[in-house]
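Considered here are two forms of the same protein chain, supplied as structure tokens in two stand-alone entries, structure 1 and structure 2.
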Structure 1
Amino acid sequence: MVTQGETLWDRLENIDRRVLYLLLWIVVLSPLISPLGLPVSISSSTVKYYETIENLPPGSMVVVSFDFGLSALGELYPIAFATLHHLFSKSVKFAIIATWNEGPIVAKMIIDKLKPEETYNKVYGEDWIFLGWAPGGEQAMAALGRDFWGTITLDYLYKKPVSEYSIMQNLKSAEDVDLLISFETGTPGADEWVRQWWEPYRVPMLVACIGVMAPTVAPYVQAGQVLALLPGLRAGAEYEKLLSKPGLATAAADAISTSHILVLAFVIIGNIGYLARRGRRK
């Protein structure tokens, strides 16, 4: 209802934020409950990310770094889940580390769901290892690059010396690493990995980041320092499609579209209100 002295355009510019939030709940929950099946097109960067892992020669050594905490679970969990599934499906060896102290919680959640021994027939300590958290941010990355055994002394799952695992006989420094995959939300993240692992050792890198970090990481892709970038949940849906393993990102794809349409609609409505009011004043 338009009150006295207040026009429809004024109202359009000053919609109660609680109305917006209510609409947001509706447009996000509806497609999650009843999926619309909107098409997901796959970008070249996602294809590159997929192909880099797909084309790893058997026996390659990969380091997967969980550089995020629980706050980014919604956006990075599906990508990390799909990536670990992809790695477990291949004949490559990999070590999981974290430069954020909540990273191991997320990694453990994924490992518990994937059940590598049962599902992929992978042996812990031989095909993969969970090294856990390396505190210190960039200093830890530099230390890991120089000396894995000295930086993380016991593994995360069984608290046994890392030197006792067969996989670690081939993982002593960054020079032994064929690919680094970082899931990141900020600092420490891609900037630091590029400085400490790409520049001195030229370790090829893949990065999956929350959307808001994409403009920061994109220049590294242009310069060839990062092979491919998966920016956000939408890219996660693309990656799941390539893997033919629909997961949380695929389930979220419709909700991403509907929520963005709502934001766009309100930006347009707000602008119409602003322009109309300005035109009337003139």
Structure 2
Amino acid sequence: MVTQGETLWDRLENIDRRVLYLLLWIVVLSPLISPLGLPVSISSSTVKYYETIENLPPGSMVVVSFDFGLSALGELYPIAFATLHHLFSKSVKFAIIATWNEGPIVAKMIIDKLKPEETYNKVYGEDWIFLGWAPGGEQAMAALGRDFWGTITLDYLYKKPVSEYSIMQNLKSAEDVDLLISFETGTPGADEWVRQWWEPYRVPMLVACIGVMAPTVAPYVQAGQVLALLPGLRAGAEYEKLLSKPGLATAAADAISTSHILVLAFVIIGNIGYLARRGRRK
């Protein structure tokens, strides 16, 4: 209620900060619970990332590398989730590896959520395989390029010799790989993949990274060594839009947009109140 001698603008200019925090919680949590799918422009790099996977010929061999740990879940989990969904939706074969020791944990979280056998009718060991962590950083990347079977002898899920799986009959070295996809936050990452897989084997490569890494990976895109780059949540939301599958990245982008709109609204209201009060004083 506005007291005598106090206008509505006076109240709005001095609104209790607890009300602001409450409203901020509401506008942030609402899109996270139920994504709004607010309009988002799509960059050419995101389109290239999407089209590279979308246009893979049937039977293509893809290697997906989880080159990040649990600390980067906020930015890279949504992109990795959307990418694996895209791959499972295509008639391609792929192997999941990791050069970071926490990578298999993240990959397993996504696989358990996607349920490839039930959702996509994909057969483990024929359509896809989870090879797990290859310790050794850049040395492991080089070893995988030369010899998959000798570098990772057992698969991650069932601990069986990789030579027993039919998919591995067509995956013995980097020369058998049609596309490499790396989700990464640092070293080892794009620098090492370019040295160990692009230079000797010319394996086409896609990269998704945390936002602050974009400037370090962008030169590889300009040089043609990386086909496309998805940097951070914003790019993930663009990718989800192309897939017509809004998820965590879309929800996060919506939350950022609604919070900015709220802050902008209160800045405008506060300034209007200030100008109105100053006009009355004059």
Partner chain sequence: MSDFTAFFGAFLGVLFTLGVYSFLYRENPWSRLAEHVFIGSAIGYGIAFDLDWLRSQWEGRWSLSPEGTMAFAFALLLGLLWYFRFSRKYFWLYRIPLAIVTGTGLGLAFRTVVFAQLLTQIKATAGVQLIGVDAWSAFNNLLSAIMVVCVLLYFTFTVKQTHPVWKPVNTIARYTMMAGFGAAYGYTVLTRMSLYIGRCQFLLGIPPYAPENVTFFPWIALLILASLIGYDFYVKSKTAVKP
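A quick note: this is a predicted structure, and the numbers were derived from the prediction, not measured. The term rigid core refers to the maximal set of C-alpha atoms that superpose within 1.5 Å between the two forms. Start at 1 and count along the sequence of structure 1; that gives the residue numbers used here.
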Same chain, two copies; the copy that is the form predicted together with its partner chain is structure 1
Keeping the rigid core superposed, can you check how far the CA atom of W25 moves between structures 1 and 2, in angstrom?
7.0
May I ask for the C-alpha shift of V263 between structures 1 and 2, in Å, based on superposition of the rigid core?
10.6
